[in-house]
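As a starting point, one isolated chain is supplied in structure tokens, in the form predicted alone.
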């Protein structure tokens, strides 16, 4: 692109470029024009934008009347149009080519002719219900997409506005831009007043429109809320949607989606009203949120908790914007390695500086850390524990979900967990039942099975009582309660988190402690899991464990259903589970081994005496094939018990190389797992085949100052604090 940039210097001397008011500053444009060599990532973004705009210019203006839901032809056309408007505007700023400005104008003029006569979108089904408060759109089936459209479109307009006649500007502003801004705020006031990612997108759209049109009233409406009292609006969203650690209450998937309106609007605020010091607001919550978004991932993919599309990762455009802005604020070299993973940047001054630093070899590996991300505005509503053994992207990572509900996108899965190892997901979470923007799958919406399966408790690796979901699967009730984080600690060899949940089921309290242990006699860290439940009334306790891989070894007397399968239950997700086999656990240790890529994993499980195990997979009562295949075990304690304890140990071991026809250590190295509750403590003893033993001692009280002494199998165990690991 060197030759292009050199020719642009001449273009700038003969053409009048627009005065940028949003993300691209005059200083940035001066840097672009003065550069003799364009950084690689910036050039990739430039070439992509150029290809999109030139393709559109050849095609001509296509602005169809909206009629399709997500994924449909008109929906995708309007999505592509806002990208074209944005890209053509930015290219005009960079190149000064009047053809780009003309193309933006023609497209905006076509929208200005159409928009005033548009009714609400014909596919607005279920978009104005009281349960979710989400408003319908006009250009799109939901108002959220309308807000995204305006965030992009207003940047394109701001870039070329100075090239237009006063009549052209008046038409576009009065027939299109202001009406969309008013529709998103005044007419859709229920959504605009929410503390929710939809309202954040709307606030960004309205506020950025205010800056572009020189309308401070619109800016204040966005920042301070419709009533100007800061109870709603952008500042309120920054205060209430993030915890002090930068964790977004709806989870990582929606954190990356909500991140873009937060950071782009904040950048526009900073460029236009630097005295607001928006990036310092609430102890620099936005830079923290960008860092947290990266931390909440594994091998480039976000942890798929709550309503999450599992394929989303660090290369999403939202984080591309966030990363460039974060680098502009911090110049942290660790961010550059994430930019290398993304393989692109944005066409702003911050994106240019980031790309230049990458070319200069300044990148350092990003440090993924063991962290407890507190949840809630004040950090007192539980939290997401991310336990890592090592700081490499593929280090073993245990994700323990002890968060608050996360509003309507939350799942009923308190105290559940996922496990990643060697770059792969081992113990899985289903995520959302949705095929985003696939018209044949309910228009790309969340599928009915999202409610009947994905959100239900049995779809997750946590306790189910009486075959019912936590909080009766009512999110507004669940929003009132969250787990108590009793203990969290991390060091080089041991990571521990322990939490307690009340009110998920009437009269039931359950506690879960997970440890990630690095032992000298294991090739990889192991996970030790103790779940204890107590109920005022006798109940049935189920503990699911979902895994990814091929089963290779099963212990015990399992009766497999090889000719015909039945459905496990009737409601609360159980109706979607086929029973592949079942059997009694008896008094012996249950051991199940599966192969995941090139490693073996064995789950060692001790459940209450008389328990049984059910081997299950999804797909029952799913005539439209909306559910993905997922397999797992459900460990079921005997009925009519008031308490139950489940002990699980997940052990990675061995190697399988099909190309070299080589297999080693495919059998577990743990011979026996024993559990005993003695006085106020639990002892879990692991005996390895070579004779070594490890005893994990856990107190029921997480008091760090308390002293404990117990005798187990003729040996005394003494320690101070919540836990101790004894190696013998």
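Keep in mind the model is a prediction, meaning the values are calculated, not measured. Residue numbers count along the first chain shown, from 1.
This next part talks about the form predicted together with another copy of the chain, which is not shown.
(message) So if I measure heavy atom distances to another copy of the chain in the model of the complex, which of the stretches 694-702, 655-663, 25-33, 675-683 falls within 4.5 Å?
(response) Of the options, only 655-663 has residues within 4.5 Å of the partner.
(request) Sort through 557, 220, 477, 76 and report the residue having a heavy atom within 4.5 Å of another copy of the chain in the model of the complex. (result) Contact with another copy of the chain in the model of the complex is made by 76 alone.
(message) Please tell me which of 441, 171, 612, 124 lies within 4.5 Å of another copy of the chain in the model of the complex, judged by heavy atoms.
(response) Selected option: 441.
(request) Classify residue 295 as contacting or not contacting another copy of the chain in the model of the complex by the rule of any non-hydrogen atom within 4.5 angstroms, answering yes or no. (result) Close contact is absent here: in the model of the complex, residue 295 is far from another copy of the chain, nothing within 4.5 Å, heavy atoms only.
(request) Indicate whether residue 311 is a 4.5 Å heavy atom neighbour of another copy of the chain in the model of the complex. (result) Heavy-atom contact with another copy of the chain at 4.5 Å: present for residue 311.
(request) Answer yes if any heavy atom of residue 600 is within 4.5 Å of a heavy atom of another copy of the chain in the model of the complex; otherwise answer no. (result) Residue 600: contacts another copy of the chain in the model of the complex.
(message) Against another copy of the chain in the model of the complex, would residue 522 count as a contact residue? Criterion: heavy atoms within 4.5 Å.
(response) Residue-level check for residue 522: no, no contact with another copy of the chain.
(request) Let me know which residues along 563-590 have a heavy atom within 4.5 Å of another copy of the chain in the model of the complex, or say none if there are none. (result) Those in contact are 563, 564, 565, 566, 567, 578.
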